[in-house]
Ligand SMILES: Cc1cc2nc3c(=O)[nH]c(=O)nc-3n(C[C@H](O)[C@H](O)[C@H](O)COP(=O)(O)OP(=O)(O)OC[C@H]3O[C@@H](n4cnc5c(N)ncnc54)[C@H](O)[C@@H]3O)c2cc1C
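Before any questions on binding or motion, here is one chain by itself as structure tokens, the form predicted on its own.
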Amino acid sequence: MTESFAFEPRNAAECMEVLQQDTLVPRGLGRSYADQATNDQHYVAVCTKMNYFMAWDEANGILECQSGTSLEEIINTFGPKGWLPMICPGTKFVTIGGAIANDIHGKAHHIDGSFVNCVLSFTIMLADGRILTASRTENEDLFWANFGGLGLLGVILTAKIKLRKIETTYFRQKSMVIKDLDHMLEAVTKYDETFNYSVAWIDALATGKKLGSGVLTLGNAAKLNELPEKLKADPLKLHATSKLFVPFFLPSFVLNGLTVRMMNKVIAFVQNSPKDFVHYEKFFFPLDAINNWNRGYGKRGFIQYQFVIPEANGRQNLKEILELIAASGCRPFLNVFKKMGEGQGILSFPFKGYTLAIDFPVSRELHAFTPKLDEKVLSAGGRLYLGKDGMLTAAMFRAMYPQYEQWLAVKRKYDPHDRFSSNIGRRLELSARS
């Protein structure tokens, strides 16, 4: 249990007023899974009221907005004009500041890279009250260190980002059943050349000959002349507000071995969609359709364990990791597999290789198991996504991110007294302990 003191700034001056008294960490819509935007017994600046559009260059598709602007707000405003965010993660309830702090990625990382690739520049308030502009040519060390920097260098105030021009808000989709790990790796490599978007669901309970089985979903943005007539009537259709929700935390016993296996079968059926054209809402943000979906894990909650490992010896390492998970007694509920492109940045998570994100309901066995999984990922040359991590140790973090010293040098330059701090910052020794 952690308790932070939250406030909702509307400008840099209100952030500075609090910063003169205590440490703080900026927070967006709180879609990170652990302690990324908590600051026990200290302040959290919830920046969602800093959400104004400031300028729009339609000729070049460049939007300047405040950091508390969400992807949903951008989609709602610019979708009907024929523009969408270039990089979309698994939820639209993400702020621009949060997208930078975690350098988010999506189903097209092998083509588009991570969020840094659509950001031209941003302004940031430092610990001493200065407001600097950071870009690839101005204060470039500050620019690169903020992508994956978990909000520990300052409060991002505004950003200039590039949007993607679209003809429709639909995607042409192809789904295929995958029989085993060899089939999975062969398919993602083959179709990466013809589909911009690629993601797979893996049955992490499968063993033996079915190890690595699942469903691969591929897609490309649909052009207007490709749509069937019934969809052409509203080619830039927006999502409706979801009325589905989980009203309360389900009892812990609901997620047992039997129900997890049943849900895996349901997920496999849903993922193997026969539809040729899918709306962006279902294609990018399937979980957004259910409000408070996390309550399905009960009050004990869950962790999302996401790692990336190099392609070299990837098949053998993935096989060993999946076998380790299957034998652990920890029942994975949702498992998403992707192939990633080249990485960049200092603490940014992605690099060229294979990534698997696994939802583990919290259990007695989990705390003892994740260090074993960490060791296996590290031995494969991999690392964990800090934007979702909740259990990594400082020593393991340093081993997985050997470039951390470069980031700490930037931290000492711009925040020498550790005025920006958080629970994960202290846990990973990226900021001083209270």
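Numbers for residues come from their place in the sequence shown, where the first is 1. If you're wondering where the values come from, they're calculated on a predicted model, not measured in any experiment.
Here the subject shifts to the form predicted together with this ligand, a form of this protein not shown in this document.
Trainee: Want to guess which of 147 to 155, 183 to 191, 360 to 368, 130 to 138 is within 4.5 Å of this ligand in the predicted complex, heavy atoms only?
Mentor: Among the listed stretches, the partner-contacting one is 147 to 155.
Trainee: Although the partner isn't part of this model, could you tell me whether K388 comes within 4.5 Å of this ligand in the predicted complex, counting any heavy atom of the residue?
Mentor: Yes, contact at 4.5 Å.
Trainee: Contact between A204 and this ligand in the predicted complex at 4.5 Å, heavy atoms?
Mentor: The answer is no: A204 has no heavy atom within 4.5 Å of this ligand.
Trainee: Is R383 near this ligand? Define near as a heavy atom within 4.5 Å, in the predicted complex.
Mentor: Contact check for R383: no, nothing within 4.5 Å of this ligand in the predicted complex.
Trainee: Do I104 and this ligand share at least one heavy atom pair within 4.5 Å in the predicted complex?
Mentor: Residue-level check for I104: yes, a contact with this ligand.
Trainee: Among the candidate residues F397, Y43, Y33, W56, which is the single one with a non-hydrogen atom no more than 4.5 Å from this ligand in the predicted complex?
Mentor: It is Y33.
Trainee: For the stretch 73 to 101, which residues lie within 4.5 Å of this ligand in the predicted complex by non-hydrogen atom distance?
Mentor: Read in sequence order, the residues that approach this ligand (within 4.5 Å, in the predicted complex) are P89, G90, T91, F93, V94, T95, G97, G98, A99, A101.
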